[in-house]
Ligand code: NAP
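Listed next as structure tokens is one chain, alone, in the form predicted alone.
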Amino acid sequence: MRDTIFSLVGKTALITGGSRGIGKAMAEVFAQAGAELFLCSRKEDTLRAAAAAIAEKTGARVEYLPADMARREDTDRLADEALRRMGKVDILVNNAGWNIPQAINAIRDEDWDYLVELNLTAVMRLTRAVVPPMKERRWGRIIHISSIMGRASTAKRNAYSATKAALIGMAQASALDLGPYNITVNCIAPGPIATEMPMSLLSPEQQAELGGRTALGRWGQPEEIAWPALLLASEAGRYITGEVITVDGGCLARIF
């Protein structure tokens, strides 16, 4: 990959939620393509282990910082530390997020506020912080991890769907803001991907039902999101901006 149009040699990527699941898979693929990494997640032990494993496997420089993206001071500190320690951020992947399923009449204000802060406001604040140097260098890639729940939904996903849909709208507006500076902004909308969040929230019966709704009849794996992310992060995707790439195994293709 380092000698192809997918190469990220000379680029630095900041990935939130980078210690496991989709975030870790993207970090590993980016490192294999030649990028240097700055990772964050809430738990230092898992973050340290992920950074060490990726560095050992790929030989890449991997820095990290524990941060809770639901805390604004942590989000701001993350941006400052990434820029200070790495010198620049060429690629930003806003991957950290969570879901608290609640029916519309059962939403608690504190849960709504938490999800909006983590899934949406933190994305805005981190993007806002790293964009000015990108504009100066006239190169940048910004990727928001949305969800097919931002394009369709199911019961008790009110706050989650609202925040994931908002990421799509923000990406479209940001693409227009930043296009003149050769900065692209896109969303990836994963479908059923076998990570800790859905596996912890869904019963085995629900997992089987959702996997069966895809055209491929199975759940996706984290690396199957990482490859489209590499496309958007590299020169191969330089004319893609303001878009949503849906990676759902054909889930949304089904009416009934």
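Numbering starts at 1 and follows the sequence shown. These figures come from a predicted structure and were not determined experimentally.
We do not show the form predicted together with this ligand, though everything after this point is about it.
Contact test in the predicted complex: E205 vs this ligand, heavy atoms, 4.5 Å: Because no heavy atom of E205 falls inside 4.5 Å of this ligand in the predicted complex, the answer is no.
Is there any non-hydrogen atom of K43 lying within 4.5 Å of this ligand in the predicted complex? Flag for K43 set to yes.
When the contact criterion is heavy atoms within 4.5 Å, does N95 count as touching this ligand in the predicted complex? Within the cut-off, so yes.
Close approach of T195 to this ligand in the predicted complex, 4.5 Å, heavy atom: Output for T195 is yes: heavy atoms within 4.5 Å of this ligand.
In the predicted complex, which of the stretches 160-168, 173-181, 84-92, 134-142 has residues with heavy atoms within 4.5 Å of this ligand? Among the candidates, contact is made by 160-168.
Heavy atom within 4.5 Å of this ligand in the predicted complex: which residues of 5-28 meet that condition, in order? Heavy-atom contacts to this ligand in the predicted complex: G17, G18, S19, R20, G21, I22, G23.
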